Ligand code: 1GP
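In structure tokens, the next block holds one chain alone, the form predicted on its own.
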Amino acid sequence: MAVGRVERHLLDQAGRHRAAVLVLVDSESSGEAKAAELAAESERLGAAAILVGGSSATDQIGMGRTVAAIKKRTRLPVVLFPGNVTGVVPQADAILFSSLMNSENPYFITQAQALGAPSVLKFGLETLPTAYLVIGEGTSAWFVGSARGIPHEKPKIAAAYALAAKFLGMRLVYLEAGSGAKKSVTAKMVKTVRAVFDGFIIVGGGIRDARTARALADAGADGLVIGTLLEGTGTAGLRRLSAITKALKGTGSRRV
């Protein structure tokens, strides 16, 4: 499967900076107008793309309206980040077509993907083939996805999954600590995964400051997902986002 426009954009942004910032909008916790405003502000502050979704999102019509509202306010690519087949809507540019590889429920490994694939094709969404790995426990992604969370202190397990993803032909790996996680994925885990995976590494969950973001980028992350930091925080959250994007400006030795 050829690399599409959105994936090329993400690779370009990651190459221009230490890492690309991906802002996550939860379509259920944010109204359409609020989500669109957040997307516009994120573009102004240097974000590379907008993710729309969430592990518990069930309102497909609402998600579609949110995506449409965002598209009117920003030129950034809008990428679906679905937790289930209800997260597949036609208005977006691309979708993280992901397999929750460390789920104990086969539904989240291949069955949901099979159910959603016809809609992805019908809607003409660019697919980003992604290995989704839940790190740690206690978050919505861990609970909803029936994940056998990879311990933070076991980076070699994450690397083994990433290597399997590479052999399966996946070009992206998403290391997910989870929305609102108290602890982010460690730089050591990112570095260990980077040693075996030469594709695009996304890290999300628990990234609340520029120092953490810089450390993850320097360890080898290509994209950092910022979501909970911005929910209900107003200008304070945007100031933190600005600090993170500024800390990631300029190229660095990400692939170590």
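It should be emphasised that the depicted structure is a prediction, and the values quoted were computed from it without experimental measurement. Throughout, we count residues from 1 along the sequence that is shown.
Although not depicted, the form predicted together with this ligand is the subject of the following passage.
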May I ask you to check whether residue 206 falls inside a 4.5 Å heavy atom distance of this ligand in the predicted bound form? yes
Against this ligand in the predicted bound form, would residue 24 count as a contact residue? Criterion: heavy atoms within 4.5 Å. yes
Is residue 181 close to this ligand in the predicted bound form, meaning a heavy atom pair under 4.5 Å apart or at it? yes
With heavy atoms only and a cut-off of 4.5 Å, decide whether residue 108 touches this ligand in the predicted bound form. no
Look at the stretches 170-178, 89-97, 144-152, 157-165 and give the one with heavy atoms within 4.5 Å of this ligand in the predicted bound form. 170-178
Of the options 60, 192, 30, 228, which one has a non-hydrogen atom that comes within 4.5 Å of this ligand in the predicted bound form? 228
